[in-house]
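Below you will find one chain, with nothing else, as structure tokens; this is the form predicted alone, and questions on how it binds or moves follow later.
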């Protein structure tokens, strides 16, 4: 990695000493115009989501908290380095000198890239070795960079918060790997597959960090100004709506009307996933509430009915229920994005606003909103194909008996991989 960085990666003009000359040449009045000051607060929030949010969300298993938060830390730190290279080759390569020029936006994109792999980790949590996780991440980031380039650059779909590029891809990638690594005798680890009171509280910390910072996640790389502003508002409202819906559905479908902590930890976030693609579009505040409402219902019912069905009939063991939090809401997000884009008009966006929001410039200057809607839908299909196809191939590689994965009766346990001082039984 160090050698690759040495050969390829350099600072871009906003993070190098040539910024002063760049400022003068482009008539920029002050340092505050440097992208760092626009993007760094969002970057910090996204970074917290990746390491604290995802990390603690995975600590719900009673004997796998070290693995949940520790391996999350490992794959994120490895993944973001590889992501800077992979995404750099596709997006930030300076053809004049063959170097990748990076700035704060590249750091945010690398974190996004890692998010796809952490989602996939959720499906195989507790059932794979650290080496398998590194392989999953290596291939996951490579696939991510390719599908992201195809969706955003070739198809020209817009996907600010990554409903398609991150969540749909990551969700189906993880589910396909889990399907390939199906363990018929996993019931031998049943005693460890649940949570205990304090592990659920820890997981709730992850939920709250993710929930609070999701508006930053969806708006982090949108256009300065109105796009970023609108993305934050839409996400904020969708998330709030999802919480109310999740609580209502959870208590309706549980015995005695009590709440299930699994639903509160996960389904409350589904609105943030589903509003990602359309975050910077004119979804309207009530539209955001509708998206959140629908996702709260679908995600919660997914945990109650679909996850058990998938394990029993489709042979997919999904530890964290990523199908309900990322895959389904990601697809909904892609559909919402396609509909919102197709319905766009100059009356709603204004002439300049329409061009700016959808980047109808250069090769795409003759695009119409209806065609853009079709391109959005095509982007969603690419994300699903890459997720499923890539997951099956990587799953085949991970089935090789060389990776040291835990035995069926040793899953969901920190003991094989961590030094544990004393274990409270």
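Residue numbers count along the first chain shown, from 1. For clarity, every value in this text was computed on a predicted model and none was experimentally measured.
Same protein, other form: the form predicted together with another copy of the chain, not shown, and the subject of what follows.
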Based on heavy atom distances of 4.5 Å or less, which listed stretch (199 to 207, 307 to 315, 328 to 336, 116 to 124) is in contact with another copy of the chain in the predicted bound form? 199 to 207
Of 186, 145, 289, 152, the one that lies within 4.5 Å of another copy of the chain in the predicted bound form (heavy atoms): 289
Given that the partner is absent here, does residue 303 sit within 4.5 Å of another copy of the chain in the predicted bound form, heavy atoms only? no
Non-hydrogen atom contact residue 33 with another copy of the chain in the predicted bound form at 4.5 angstroms: yes
Would residue 320 count as a contact of another copy of the chain in the predicted bound form, using a 4.5 angstroms cut-off between non-hydrogen atoms? no
Contact test in the predicted bound form: residue 73 vs another copy of the chain, heavy atoms, 4.5 Å: yes
Can you confirm whether 168, 179 and 399, the three residues that make up this candidate site, all sit within 4.5 Å of another copy of the chain in the predicted bound form, judged by heavy atoms? no
Within 273 to 299, the residues having any heavy atom within 4.5 Å of another copy of the chain in the predicted bound form are 281, 282, 283, 284, 285, 286, 289, 290, 293
